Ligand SMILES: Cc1ncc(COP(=O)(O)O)c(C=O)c1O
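Only one chain comes next, encoded as structure tokens, the form predicted on its own.
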């Protein structure tokens, strides 16, 4: 059969081959049920290595578009819908947390996709993940069927402990780690064992709405505490606060890191008032100036900090894997709460992720994503700089989003974005009270290349109107 594939464009050759194959499916060059050329034949025709063709086929198989029949070849199972042709969006932030299209729900792709907190499935190391999953399935087939450990698989906890040691300056062991189904479950477990109805919980303002919702669901009085260029204003914390939720490595959503002076002041406050500090390190892996900051918990000598991490930004939220470094005093209660809720996390995905980390594929993926996000951040910064009269981008040295402050107020920013078919999140959505900043959060986890320029131009046109 004849299939036309163009390998022009930006990105690595493997990525371009995958995207070209995907476009060929979308354009109807190959119909459902038809057989694709063998990897050897297609590699020879394109003048590329067979490995690249195999990896592109494997990614499309993993996404459900292709199927492989031993001895018969690779066939098209279904054709991707046209609405996903330019960009694919995953979960991503909005108006109140229950309607936030990123942190708390699905986001339908638009013409211009800047959802915060979303990453692209196409960027996952599919070939390595497939190998890791197959190995995990083989291991599971030899299990004798006992229930898992509420803390999670020992191999994954050990791999994460090593990773935190060299990447975040955080010394911990596998015994202090609890594997969760995303950081949100870790928050829920902490709220169950540490927050009682009527307790005072302090949160950054603006801050992360799903965290606020967890504490409010426990009947807590959630007090917003302002932030400035050094992060949380510790002197504004209420004395009655029994729990303080912070994002010190990359304040959500404004982006500034918490200064060392503030970190030490926060730990001193926790010691004086017997408070628990919950450190949410949601995307600290991606840093563009200097090395990643050490975790706040690395300064904790008294077990006052619970450290939350997630694989949602470095891999994908659909994997539902996160972790919690437990304070020693809370570990028994947290493990009991975990046993009462869902018992233990899924074994196969844990083992697959452990293998991905142990074999070095996770580290290689992180380096690749760092390069990719650096390029996207630069392109987004250049595009935004073309409209200095409309907005100011807040300094952003880490993460995969930028907070943009508009120079002129917009009455209904949500409606303006929707009318322009721009998927992005007004900063007002992250305030519990009256917003002090009028702007928008732009994520670059699912948008690249010329699409960034088109999206910024569309935003500029909408704001100008």
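Treat the numbers as computed from the prediction; the structure is a model and nothing was measured. Residue numbers count along the first chain shown, from 1.
Just so you know, the form predicted in complex with the named molecule exists too; it's not on screen, but the next bit is about it.
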Every residue of 182, 208 and 312 near the named molecule in the predicted complex, heavy atom within 4.5 Å: yes
Considering 126, 282, 75, 344, which brings a non-hydrogen atom within 4.5 Å of the named molecule in the predicted complex? 282
Between 320, 287, 218, 111, only one gets a heavy atom within 4.5 angstroms of the named molecule in the predicted complex; which residue is that? 320
Among 358-366, 344-352, 182-190, 372-380, the stretch whose residues bring a heavy atom within 4.5 Å of the named molecule in the predicted complex is 182-190
